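A lone chain, given as structure tokens: the form predicted alone.
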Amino acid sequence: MDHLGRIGFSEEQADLLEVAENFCRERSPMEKVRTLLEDDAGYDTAVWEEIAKLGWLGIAIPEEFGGAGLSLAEAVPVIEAMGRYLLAGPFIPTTLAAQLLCDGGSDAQKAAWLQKIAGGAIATLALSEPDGRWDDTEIAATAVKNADGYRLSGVKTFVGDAAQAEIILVSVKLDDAPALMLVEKSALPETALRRETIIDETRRSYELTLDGVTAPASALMDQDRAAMALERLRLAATLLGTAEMVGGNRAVIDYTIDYLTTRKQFGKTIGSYQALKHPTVDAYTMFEQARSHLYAAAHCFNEQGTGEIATRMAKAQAEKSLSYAADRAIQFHGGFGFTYECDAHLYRRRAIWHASQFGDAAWQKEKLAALLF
């Protein structure tokens, strides 16, 4: 960890990483990951309860609302460990929803929900739409004020773990300006949610149809802060997604090395051949670069300008690094690597998933060009 100390790897992060890695290793062996691929919920509810008791859901929630009062930087090592062991569950969407509430919720909404989230209540976000845009200024879903509150319309996609969530934070246009609605899942019609088929089978994602959904006046979050809250939320999602990719990156490299040092061909372990050895070293070098970018971004995340630059750089590097390492793992496993039984494809699928969420590497670099030049 010495090389990370120079970029802000704190004692709190080191302690959380050690505890989280031990927890995830024990609770999420690969056999269990495979079993949960077929589970309706997609995660172990008993493990989720343990996570809540450990206090991880409250890491970045203020103490006045039952949290630890730390920052997203301390959530990063926990998510890195989850990514390494493919531990399934709604941790990222719930953590992000809590951050959106902190930044854009009313005092009443924070008081009503943040302590529940810190205690284990599941929350999620409905930001994406069928056109796949990564721009918060282009929102097609709408809210129209009426005598009882608001009437919503439109379609949202990639709503993570919506079937298990208690609340869904929805982005809409209200009076031609971005707005956020806190919608309780229990208020949705039965037909509002439809399970989506996505590339990352360790996740559960839903399409949310808002047509016919009504919300009380108290559901509207602070509209004056909505645009700012959405902008910060997308950067937070980029940071946490990067942490998950970095964890997966390390795991797929370990998986590859284990195979290269045990499989023999022509009387020699195949890892001794330069054609396999050199790309594996390249994969590890790229991983170290991605991990350094990640913790640099976590360290300066709240610094205006610098935080955004570091976070976008980290996402671009992590996506490239995980994709490369998983591709090499699939190829090095030969014919077996192209079967469903090879675990390497789970990490390749995760890289593709994260590329679709909150901006892929090319999009991040486009944003960086505007920030740097």
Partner chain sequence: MSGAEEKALSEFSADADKWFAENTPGDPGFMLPLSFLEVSTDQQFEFLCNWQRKVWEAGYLGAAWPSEYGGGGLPQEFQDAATKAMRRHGGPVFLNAIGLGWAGPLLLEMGTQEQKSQYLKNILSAEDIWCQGFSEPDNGSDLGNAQLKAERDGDSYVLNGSKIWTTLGNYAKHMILLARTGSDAPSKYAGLSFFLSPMTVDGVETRPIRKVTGEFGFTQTFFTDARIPADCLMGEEGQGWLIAMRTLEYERGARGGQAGGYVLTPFDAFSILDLAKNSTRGGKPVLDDPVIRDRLVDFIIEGQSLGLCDQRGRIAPLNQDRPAGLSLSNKLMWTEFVRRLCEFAITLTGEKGGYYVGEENAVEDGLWTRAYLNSFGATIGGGTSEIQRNIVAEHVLGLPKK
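Residue numbers count along the first chain shown, from 1. All values reported here derive from a predicted model rather than from experimental measurement.
Another form exists, predicted in complex with the partner chain; not displayed. Remarks below refer to it.
J.: Any of the heavy atoms of Phe301 lying within 4.5 Å of the partner chain in the predicted bound form?
T.: Judged by the heavy-atom cut-off of 4.5 Å, Phe301 is well away from the partner chain in the predicted bound form.
J.: Looking in the predicted bound form, any heavy atom of Thr191 within 4.5 Å of the partner chain?
T.: No, Thr191 is distant from the partner.
J.: Taking the partner chain as it sits in the predicted bound form, is Gly271 in contact with it (heavy atom to heavy atom, 4.5 Å or less)?
T.: Within the cut-off, so yes.
J.: So, Asp211 and the partner chain: in the predicted bound form, are they within 4.5 Å at any heavy atom pair?
T.: Because no heavy atom of Asp211 falls inside 4.5 Å of the partner chain in the predicted bound form, the answer is no.
J.: Check Phe91, Lys116 and Gly120: does every one of them have a heavy atom within 4.5 Å of the partner chain in the predicted bound form?
T.: No: none of Phe91, Lys116 and Gly120 comes within 4.5 Å of the partner chain in the predicted bound form.
J.: Looking at 39 to 47, 52 to 60, 311 to 319, 65 to 73, which stretch has residues with any non-hydrogen atom within 4.5 Å of the partner chain in the predicted bound form?
T.: After filtering at 4.5 Å, what remains is 311 to 319.
J.: Considering only 105 to 134, what residues come within 4.5 Å of the partner chain in the predicted bound form, judged by heavy atoms?
T.: If the 4.5 Å heavy-atom criterion is applied to the partner chain in the predicted bound form, 105 to 134 yields Ser128, Glu129, Pro130, Asp131, Gly132, Arg133, Trp134.
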